[in-house]
Ligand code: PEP
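Let's start with one chain on its own, the form predicted alone, as structure tokens.
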Amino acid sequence: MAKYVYDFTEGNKDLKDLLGGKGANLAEMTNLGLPVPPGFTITTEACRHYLAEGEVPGGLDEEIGTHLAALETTMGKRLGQADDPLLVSVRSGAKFSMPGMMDTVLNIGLNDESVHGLAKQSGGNERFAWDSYRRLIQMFGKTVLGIDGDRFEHALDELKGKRQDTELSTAELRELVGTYKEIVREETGHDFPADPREQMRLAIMAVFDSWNSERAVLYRRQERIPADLGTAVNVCSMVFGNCGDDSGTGVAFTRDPASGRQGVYGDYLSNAQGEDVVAGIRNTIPLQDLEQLNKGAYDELMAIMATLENHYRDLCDIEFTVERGKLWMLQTRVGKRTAAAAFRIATQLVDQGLIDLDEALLRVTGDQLAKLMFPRFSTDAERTLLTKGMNASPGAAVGKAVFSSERAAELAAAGEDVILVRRETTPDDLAGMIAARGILTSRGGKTSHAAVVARGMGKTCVCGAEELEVSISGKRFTAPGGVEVTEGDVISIDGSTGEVFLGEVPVQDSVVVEYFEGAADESDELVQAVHRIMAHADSVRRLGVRANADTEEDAARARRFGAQGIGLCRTEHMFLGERRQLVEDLVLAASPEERKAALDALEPLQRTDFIGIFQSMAGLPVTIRLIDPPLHEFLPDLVELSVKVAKGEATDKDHKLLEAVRRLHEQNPMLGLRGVRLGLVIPGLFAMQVRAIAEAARQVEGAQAEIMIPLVGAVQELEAVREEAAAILAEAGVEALIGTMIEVPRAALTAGQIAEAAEFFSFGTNDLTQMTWGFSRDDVEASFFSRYLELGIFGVSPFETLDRDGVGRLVRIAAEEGRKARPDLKLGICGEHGGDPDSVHFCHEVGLDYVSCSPFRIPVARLEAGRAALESAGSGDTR
């Protein structure tokens, strides 16, 4: 019979799939002998059954009852017992950390009778008992009963006025409990449930249901967390941080999650419970101040933090409570960190001997490296400082101030850059946080909801800017000196320093970009960390990394960034600007002589371009794609020409151009006269390009040319072009590989035939994705992709990350059949996917030789190629 409930003494940290991250780590801490309140975990399997069938699995209620009875025996009291109640918390806990995205209910077991028992149990502290009771009704009402949380907040605000919640008297809290119960009655038509077992049952169901809440779904989509994992539920005996000044609650990190530096980092809040710290409803004190309040608990916490970091060999995020002077551990997990912290911590742990360089490389990601390449504020620019808060998540963000999540999402969808300004954020603000360039709050610290979520998403964040008076309803904030910022005003926030500026502050390259450019301070700690990990990635990766570059400047930058050649040089980009005139002459040519004259005028220009690129990449391969798009793209717009002719303002050439544009017009040019078809239909076009390549290669020592024929769908097309190209190369005395771009599904499916005429394949996954899905990228992303993402049809856009099941299968087929026909066939990818981390791993798996991407994505591809090699070695994949 399936087992759905595990005591904390039964699990361990390796059971995250079954117990969720929180449950597995509570079990691990219990096994380490740390002070964890007793409890049990309901598995993710139970949740998945409930979500699929609409009811809990058979036997679950009995298992919960058995474990609850054991917990009651351990604690020496019963759940909700009138004179001496056992109270429990019910908390979510998925495999992957989803801070604040799912539901928690504390103080379950309280009712009108047991509240008096809790007061007696606490030595007559009635205020604490009634404060705990009002918290239960508030959390239960919002989480389990679905009541708008603002109703409870308004009642609380109305009662306390300008006071802190800790200043409310026992009588006022008793009155608040009555008000809350009336809200429950009004909103649901029923009384607040007094039966402790019913409270627990409903709370467990609510946690299961919260897996599919709107904010949880949105967060999973943002973080690419699979939707079918489900959440575990942790039932834990309550310990109380709201018993008085000798109690409190806190969050700690074993290292600074923003910078990675070692030290004491965290927040503590006296006389507070559970969610108060991360909710940011009151400003916390620094964790080190706990030493003055309770040295014994502080020293024990420091020792436990060291134990956990050495045990997990990583930065740990810890939640704890002090109850009447005694320390209790409520949670630990490998902590979310900024990109800079990830690189620093990885190399620090290597130096401490806790991990090796292989593990350090696996601890960082290409996405994190990309974030390190974001710009920073210019150091010498003029700026107007408004205030300074906590540097919660680094980066430089500029945008219009907005004061609601809805407005942030609305403006961002319209292409505006925004900064979301709140007193504090809640999980309901997630959509706005995703949309915003940065987040600014007047409350909360480095462990507040805003800080934790922003760091996880790589968003710039400044928290706890206490000098700001934020009016959400008034859509404004007031800074020191009376400076008022209203919605729509531009502000700039520096997540590295915590500074907030009025207006737009110019940005400059990050120190990591300067490192790749060879201009960074080599003593910089972050630069050293990035250098060590990148060097190790390069030493272990099998995949080569090339650049998509069309100019000499792009090629030079790509080489500085570590490119091992060019995987895609698009020759059509060389026909733009002033050279359009020559293309127009080619299109309007009325005789072979006129066509030859137009091509002869283009050839030296192409040759000069190729010389510059070969010089920048001397000694490295350069794959040059012959002209791909249809010629009408180089001609004037049909409507503009028609208007010009209709107004009688057209020249003789305009009339000829209009006739040519109409002749070349296609209903679907993506599937029309382009690529190899152009080379076959327009005599001399491809020959001109091949001659320019050959002459340029002959003039540059070390030039390695590879000529790529685009849009081939049949081997006969390639054979026809190859014969002409090979003859030109032989005449010039130049050796060059001749291959093709696999971007048509038929090419992938007949790769064995095509490989007989091709020396290399380069997968053009942009077009291959369009043609496989039947999507026009220019149209569909704006029209319906957002809806497809909402419905879960896509986890991520197939133009962003390679669709492994469809497009990826075509790539795999082509790679296998191509290599079978020609064992030495060189394989690469040159679509935008070449710089996407997940797609790089796929390219390693199918045995490609290299990926090619834009210059700024080259470091990301290098890093991920190294990680892919280590991961495949760990799984037994020896490719």
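The first residue of the sequence shown is number 1, and the count goes up from there. Keep in mind that what you see is a predicted model, and the values were worked out from it rather than measured.
This next part talks about the form predicted together with this ligand, which is not shown.
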Name the single residue among 42, 830, 811, 26 that comes within 4.5 Å of this ligand in the predicted bound form, judging by heavy atoms. 830
Residue among 131, 494, 743, 424 with a heavy atom within 4.5 Å of this ligand in the predicted bound form: 743
Using a 4.5 angstroms cut-off on non-hydrogen atoms, would residue 85 count as touching this ligand in the predicted bound form? no
Looking at the partner-bound form in the predicted bound form, is residue 568 within 4.5 Å of this ligand by any heavy atom? yes
Please tell me whether any heavy atom belonging to residue 387 falls inside 4.5 Å of a heavy atom of this ligand, as the geometry stands in the predicted bound form. no
Looking at the partner-bound form in the predicted bound form, is residue 765 within 4.5 Å of this ligand by any heavy atom? yes
For the interface check, one of 515 to 523, 623 to 631, 318 to 326, 722 to 730 should have non-hydrogen atoms within 4.5 Å of this ligand in the predicted bound form; which one? 623 to 631
Taking only heavy atoms into account, state which residues of 669 to 684 are within 4.5 Å of this ligand in the predicted bound form, ordered by sequence. 674
